[in-house]
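Coming up is one lone chain in structure tokens, specifically the form predicted on its own.
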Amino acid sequence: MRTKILIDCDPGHDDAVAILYAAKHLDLVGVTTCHGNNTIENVTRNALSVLTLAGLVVPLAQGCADPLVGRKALVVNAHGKSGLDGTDLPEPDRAPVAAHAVDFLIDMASTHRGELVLAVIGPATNVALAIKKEPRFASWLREITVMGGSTALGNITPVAEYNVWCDPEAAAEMFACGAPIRMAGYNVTSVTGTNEADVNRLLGGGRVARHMGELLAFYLGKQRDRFGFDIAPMHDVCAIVPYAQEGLIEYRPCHVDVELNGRLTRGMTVCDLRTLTPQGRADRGVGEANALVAIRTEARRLIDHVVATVLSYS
């Protein structure tokens, strides 16, 4: 039986790949959108266009435009003005469902109790509000899989990764909710990406693959200009892959918390990766292990698998 998954996202080039990957290998029961890489209007339109491009009949609910505290301040340059620059995606052939993403998340978790994996690949604002609104929400989930945080360097600040930095209070609520959590952070996702040869493979494929090749060519160019990278990191798909293909990501259990107050460290995920006892607590730890944290990927194997998946679309 395929794993049931719901993707909470902010497309975003890597989000688009994650949606296509999940729809091929898993039972994608819904998509929700959140502020993050761009405005809520743009990321929602982008997600709907990706679903339309691939002919995926999946309900989508629009979510929060701003974080729990303050207002969203940035649009990510790496994804372009629209949040998904680089190709002419089709106009969406559907509208979002009437329900707000928070209510949609709660309803889907209730409908698929004990079965649903929630993939949080943007800021966690929708998820935190679902936890606050329905105290049973976290217990209804099979697992939360997160693209966010880092065990080491950040990308928006020296120590904070963008998704968590966008709404640290929401991320803190999520990590403390009690649901089983997997975290694929910037420490592993930043070195797991498509190169020029991968882009050319996609450009030689079918209609869906060609559009994705054009998108990733744009994204790769931005990564070269900004970071000097020779890959376009596929951050978000790293949160999805383990449910379809085991052995490509190595995890360690540890306690994860989010720094909310530090002048230089706000938005940092503090991952206690010191030696663990069999009971899951570090010798001088800050708490019980509450997440499986990715520490290594089989990057080339993972990306080959993802590219092959996108090429499999007609």
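Position 1 is the first residue in the sequence shown; the rest follow in order. Quantities reported herein were computed from a predicted structural model and do not represent experimental measurements.
Although not depicted, the form predicted together with a small molecule is the subject of the following passage.
**Q** Can you work out whether the small molecule is within 4.5 angstroms of a heavy atom in all three of I121, Y162 and D236 in the model of the complex?
**A** Yes, the whole candidate spot contacts the small molecule.
**Q** Heavy atoms within 4.5 Å of the small molecule in the model of the complex: which of the stretches 93-101, 240-248, 147-155, 168-176 has them?
**A** Selected range: 147-155.
**Q** Could you spot which one of T33, N46, N37, T269 gets a heavy atom to within 4.5 Å of the small molecule in the model of the complex?
**A** Selected residue: N37.
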